[in-house]
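Below you'll find only one chain, the form predicted alone, shown as structure tokens.
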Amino acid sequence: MIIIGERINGMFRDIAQAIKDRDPSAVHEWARKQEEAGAHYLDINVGPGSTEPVEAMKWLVENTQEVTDLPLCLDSTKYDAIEAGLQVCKKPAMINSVPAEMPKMERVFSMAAEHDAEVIGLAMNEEGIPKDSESRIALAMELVATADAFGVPTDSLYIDPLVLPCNVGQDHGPEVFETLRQVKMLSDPPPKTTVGLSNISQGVKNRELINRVFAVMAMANGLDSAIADACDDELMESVATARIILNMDIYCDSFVDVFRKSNR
């Protein structure tokens, strides 16, 4: 499974302060830590408090790339900021994210085609997040069709069925798993899948345990990637073990270390 390290995000106090002060120390630290822990991509998000999101995104991208060669996942609802980030990325990036709303899809998929970027598409529209898997799949199909119309390869599209916290949306969990399974039948080649893993445990106790169990269950239902805490050792060990049990990787006694090094 592809791990997209979540930690370079302005919602965290140290990254917000780094952006404000233009001090790259925390950015460098988390870029290195996540790469060493086994992240395959690094999510880059200026956070909701930035007063200059375009300049902040460029600064974050440039400073992250000073210490790592990992590809980046540019995360913002402000598409001008994403476009600015794409222009300074050294490698093809991932755009996080776009809902199934035509004006937003047109903007994002045109950027993706221009910059050879992958895209995370959200199974939601102006009406919000559907409760059932059938409605999520219908929205996923809109994302697949629009990506194809703009020349974005289907296997460069990641469908996010959208996970709600288990304390307020417990009945959504099985619908998310069913969506993950059904997405694989939408096209050939099929789109990939992803989730914001920490969303499942937002506002609850035992967050790490819930994240780890959900990740393994989602993998068994077809999950390809997750925006997650790459520095959670037990999460990474759980993912590596699930890959062995699901016959995704060849067993060896050092399978956890092999998984951690798979980003290199």
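Residue numbers run from 1 along the displayed sequence. Because the structure is a prediction, the values reported are computed rather than measured.
Form predicted together with a small molecule: not shown, discussed below.
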Of 198, 63, 225, 50, the one that lies within 4.5 Å of the small molecule in the predicted complex (heavy atoms): 198
Just one of 143, 120, 108, 183 has a heavy atom within 4.5 angstroms of the small molecule in the predicted complex, so which one? 120
With a cut-off of 4.5 Å between heavy atoms, is residue 9 one of the residues that contacts the small molecule in the predicted complex? yes
Is residue 68 one of the residues lying within 4.5 Å of the small molecule in the predicted complex, judged by heavy atom distances? no
How about residue 202: is it within 4.5 Å of the small molecule in the predicted complex, going by heavy atoms? yes
Can any non-hydrogen atom of residue 96 be found within 4.5 angstroms of the small molecule in the predicted complex? yes
So if I measure heavy atom distances to the small molecule in the predicted complex, which of the stretches 173-181, 120-128, 84-92, 148-156 falls within 4.5 Å? 120-128
